[in-house]
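The data below hold one chain only, encoded as structure tokens and taken in the form predicted alone.
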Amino acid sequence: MNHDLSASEKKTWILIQDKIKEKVTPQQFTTWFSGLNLIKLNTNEIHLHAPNSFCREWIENNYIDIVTSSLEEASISNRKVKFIADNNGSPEPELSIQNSTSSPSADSATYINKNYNFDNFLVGPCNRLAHAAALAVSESPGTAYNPLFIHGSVGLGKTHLLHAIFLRLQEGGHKVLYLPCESFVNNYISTIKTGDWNSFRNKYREIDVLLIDDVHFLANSQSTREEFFHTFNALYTRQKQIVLSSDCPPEEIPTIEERLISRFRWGLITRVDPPGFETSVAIIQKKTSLMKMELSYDVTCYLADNVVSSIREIEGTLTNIHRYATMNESKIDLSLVKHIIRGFSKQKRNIGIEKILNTVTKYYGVQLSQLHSKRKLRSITLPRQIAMHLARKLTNLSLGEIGGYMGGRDHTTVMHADDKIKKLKALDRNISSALRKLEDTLTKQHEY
């Protein structure tokens, strides 16, 4: 579909595409974004044309945050994004189809990080049960815990454990298949196109172990959930091991059927939490040793006390410190680390949390004392979680500090609230609209 765009609009669209490419994998870009076209751009709206309605709905449900943040980075902000798709039977997006004759290990090779093994996984109170269960599964697949369901916020080591299970079982000669849930969905859609259901089912059912990462992606496709349900049953009946990871427990995955939730509960459900102080210190010491980077104990403790969201955030912070110190030939001491962390946090607007609380309570018609309370009515928990999400996004406060303003809650509660609202934002347009209005109000207040 061709559209008459000016030279400046074409240049802007190329820039937006480049920003999207930075945030997704090459396969994700090819599958969902390569067929997207700019058809209208003005001061109020941007219209994007998707090749078909499925592609449009998938982007709206799973990638809208990536699209909007890419627009902002390309200086296209405060515009309503509208996706348009033809309903004339246009072809499905071109998806890469795995060779059905290849081995499960070969299919998994694209995704596996060999550094994510059990030797490199640091065990602490936050992940001890999940680690022990993963180890047991790798030693006795199909008998120890089946299925094993590991859940927790992003960046806490769920993928590391799944990769570690894969590597250990592969060494033992088992037929193991690991892949992100999105790839399962893509493969399912490809099979609708080719009609080769025998190859599809053999790929997922003629194996010893199936490892699926981010299984909450199933929430967005009913037909894929149906196929996964039958795949699960086929493997479980033959006592083949199933390991799943998710950002949330089974009962919190939106739109998922009770029959799947029930099956996820047949084995062991275990959670990974953010690392505590001692575990963070151990992680930092391990990572800096691998990076051949020297940190004094006071710097290590400062980082452990101030970078607590996730293991991934710890790794990212250490990488940035190492890069900065190397480029500037600087000694890594406490003052340098404080300067670097402050520099990264300046990207946030640092709006006062009092303003956030006042704005949220006014918008939802609740009292501040109700947000501080332990009451769990939805009319109270939703604004409470939204306040924590906005504080996380718009302030430089630590998770613990935000929890303190929210009635003395701990940092894991803040992380859970932040993740919960991010998921609801992608699935519920009313909440997405409310968040936009609240953020617009707060940022406008902040400008004056």
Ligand code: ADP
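Note that residue numbering follows the sequence shown and begins at 1. It should be emphasised that the depicted structure is a prediction, and the values quoted were computed from it without experimental measurement.
One more form of this protein exists, namely the form predicted together with this ligand; it is left out here, but the text below deals with it.
Three-residue candidate spot 116, 159 and 315; every residue lies within 4.5 angstroms of this ligand in the predicted bound form by at least one non-hydrogen atom. Mapping the unseen interface onto this chain, residue 287 counts among the residues with a heavy atom inside 4.5 Å of this ligand in the predicted bound form.
Contact check for residue 249: every heavy atom lies farther than 4.5 Å from this ligand in the predicted bound form. The closest non-hydrogen atom of residue 361 lies beyond 4.5 Å of this ligand in the predicted bound form.
When this ligand is considered in the predicted bound form, residue 242 lies well away from it, no heavy atom lying within 4.5 Å. The single contact residue among 74, 301, 154, 366, judged by any heavy atom lying within 4.5 Å of this ligand in the predicted bound form, is 154.
For the options 190, 120, 199, 370, the one in contact with this ligand in the predicted bound form, meaning a heavy atom within 4.5 Å, is 120. Heavy atoms within 4.5 Å of this ligand in the predicted bound form belong, among the stretches 232-240, 260-268, 120-128, 370-378, to residues of 120-128.
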